[in-house]
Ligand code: 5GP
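The chain below stands alone, shown as structure tokens; this is the form predicted alone.
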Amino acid sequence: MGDINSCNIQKLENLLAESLNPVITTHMKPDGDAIGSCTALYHFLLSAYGKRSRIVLNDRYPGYLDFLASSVGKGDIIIYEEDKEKAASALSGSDLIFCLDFNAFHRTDNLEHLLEEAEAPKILVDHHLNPAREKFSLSFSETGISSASELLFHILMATSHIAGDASRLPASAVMALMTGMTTDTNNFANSVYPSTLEMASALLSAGADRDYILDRIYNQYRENRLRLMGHMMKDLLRITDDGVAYIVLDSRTQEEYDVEEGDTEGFVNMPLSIAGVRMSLLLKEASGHFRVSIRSKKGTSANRCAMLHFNGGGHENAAGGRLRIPEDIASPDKAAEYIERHTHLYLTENEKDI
């Protein structure tokens, strides 16, 4: 964690001391790690500096994360898709912007141009490959780590306010950090490092209620999620001879099951439990494109596949992207054909070059 050094921590604390109006933002379609890291930082700034920041999101977070969002002050979460003027005003009027869990501005969708135009210093806290460091006044970037929440935890531990003692973190930040790390590791199933377990131990000692967190993350879904899961695994799952499992979730099926953001969380990981499956893809139809989630077992690069064939990228075994209509495929019913052709090409011709 080379970026977490005394020089950078001092720069961070100087910027915070001078800031009167900090803003926190994250990537589009925010997940548990995004909301966990954002709300944790919000509570730290309030506790350590007495600064009430605002969290600006491109779009709404999944409902199962309400327990984190509800801990934030009323009106302090601003969603661009619901109030464009307020979101734009918050970013343009800020004097310090934290950018959490994304490596480049385009990952924020509609917020990209606002971030480009904002004159405030910007601080990056991210764990993805290829960060656009030139866009930030201060960068904390580490790929060998479980999550943005874990990276933020180690940053906060290095500050003079926390001084290595996790018990000095606000209780709401402890809960948010544990939640973000837990979701991004799929409950310690992937991307777990020694530092991840050290973080978990420190947060548990600081009072994190892991049973409560797990209940909120995994036991608060709507009935339709379970019924959709059954349909997807029984009727929609396909497995190729190359060991690629994939599911195409079209708009009609999403309407039939009243799918909301977060309802398919974790589904892409399930086929990896099948012997012989090397890689799993979940495609969800949206307006003019499919959102693509890719997971893989060790030895097969989800990141490289996403970059080469799905206009995306991410981590070695967890990545995402888009399949555009009509640029990549002529129509939604061509998605399965595209997946089979391009994953076969990738696994037989490209992966040997890694």
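Model, not experiment: these values are computed from the prediction. For every residue, the number given is its place in the sequence shown, counted from 1.
The discussion below concerns the form predicted together with the ligand, not included here.
Judged by heavy atoms within 4.5 Å of the ligand in the model of the complex, the contact stretch among the candidates 47 to 55, 60 to 68, 34 to 42, 313 to 321 is 313 to 321. Using a 4.5 angstroms heavy atom cutoff to the ligand in the model of the complex, none of Arg238, His309 and Arg341 count as contacting. Between the options Arg107, Arg278, Lys122, Arg216, the residue in contact with the ligand in the model of the complex by a heavy atom within 4.5 angstroms is Arg107. Contact annotation: of the candidates Lys284, His128, His231, Arg225, the single residue with a non-hydrogen atom within 4.5 angstroms of the ligand in the model of the complex is His128. Residue contact check for Ser296: none of its heavy atoms lie within 4.5 Å of the ligand in the model of the complex.
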